[in-house]
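The form predicted alone is given below as one chain in structure tokens.
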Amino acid sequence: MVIQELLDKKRLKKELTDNEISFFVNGVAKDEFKDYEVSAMLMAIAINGMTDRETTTLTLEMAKTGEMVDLSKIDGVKADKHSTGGISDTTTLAVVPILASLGVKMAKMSGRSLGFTGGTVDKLEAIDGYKTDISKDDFIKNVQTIGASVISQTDNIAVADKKLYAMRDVTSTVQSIPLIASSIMSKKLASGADIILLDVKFGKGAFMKTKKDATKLSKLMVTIGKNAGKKMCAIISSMEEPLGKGIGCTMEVRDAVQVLNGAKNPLATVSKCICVEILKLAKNIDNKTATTLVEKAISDKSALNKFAEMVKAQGGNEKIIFDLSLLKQSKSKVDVKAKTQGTVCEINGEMLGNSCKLLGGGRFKKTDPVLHEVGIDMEVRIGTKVNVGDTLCTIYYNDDKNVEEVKNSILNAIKIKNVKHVKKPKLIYKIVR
């Protein structure tokens, strides 16, 4: 078998066999192909697509190119969740302690910031002392004894995916749905959980811009997971505006803690929805019972206490969870004021995410450090009525080099029009089971 034969088949829109896909994936993992050969295959897939069978095989073969995490030493049902990325999307920090406090074992491997979206690992490292690179044995021990652990993803998971993703990033093939699905699910299947929930975002602040594409991706990933023997669910949710108030690591930790303290806001709504769906799968209970359990875990502070326990177990200062003033603070801050009167009609999350990066709160390349304390706090949402001079948001920064550029970008991201009513986007669009 030679790579040129596979390239020719996919160029002609023909299906690849399981053996051919296995040959390609293992060749990528072992660096047996030239970059231009891999690039050609990725472009052919991006243009001509893949069948569900092809995508499932691609996913399973990619998962097998690295370590398959064994969670069998952990008692009980193990669950994992994944978000396709968005702005101010910090649900993991709320969801994991809620579910752990209710007896669901949360073994979570997360990533760092990617593109204009934030990374869970970076957010956790905003908590002084929190270690995301603990050993696998300590990870399993924490999940067994505490009920949860969130760590950085090991380099040994889905080796082929890492190599393909690096190539996708420079060949304009990141948006291919079969390639997105196989990338996400290969890592999730390799991570060993019994239940996988996917929070698939759509809108201006997400990688998937439309409900149609988000639905297509969700159905495909749920199918792949079920075919692999996992209990699956996908929530399709809106990213037409930032999910929380804060954009930036420290601010997003604060937002998650506020959810655990009973805050009622869009971040809380999505976080609770994720918890309810996982509980239904884990405990075989109905929606009402699951919702009651989630609300109780928040109201009696058991979820908040569980978060503090998680933080302490991984070297973090658990006092921060009970006193948010202990979080890192930026050197300076400035308000961005409205220049026109009217109603906020649009908030471009991608522009806000890129603005946070300019402040140092994200990465332009993989090796860039992240300033946890910088970012943006939003004071408006879609539908908010504003007058000239009202504060739209507050910028937190250490270096004023890019502040004026960030101000202008924010003013362009927040569209204000002289209208009486704006239809707010529906937060939870659909649930795919």
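Just count from 1 along the sequence shown to find any residue number. All values reported here derive from a predicted model rather than from experimental measurement.
The next section is about a form of this same protein that is not shown, the form predicted in complex with a small molecule.
Problem set entry | Among the candidates S183, S330, S101, N142, the residue which, in the model of the complex, approaches the small molecule to within 4.5 Å (heavy atoms) | None of the other options qualify; the answer is S183.
Problem set entry | the small molecule: the contacting residue among K81, K162, K187, K105 in the model of the complex [heavy atom, 4.5 Å] | Filtering the options by heavy-atom distance leaves K187.
Exercise. Tell me which of 191-199, 272-280, 163-171, 234-242 has residues with heavy atoms within 4.5 angstroms of the small molecule in the model of the complex?
Worked result: Stretch 163-171 is the one.
For this session: Decide whether Y130 counts as a contact residue for the small molecule in the model of the complex under a heavy atom distance cut-off of 4.5 Å.
Result: Answer no; every heavy atom of Y130 is more than 4.5 Å from the small molecule in the model of the complex.
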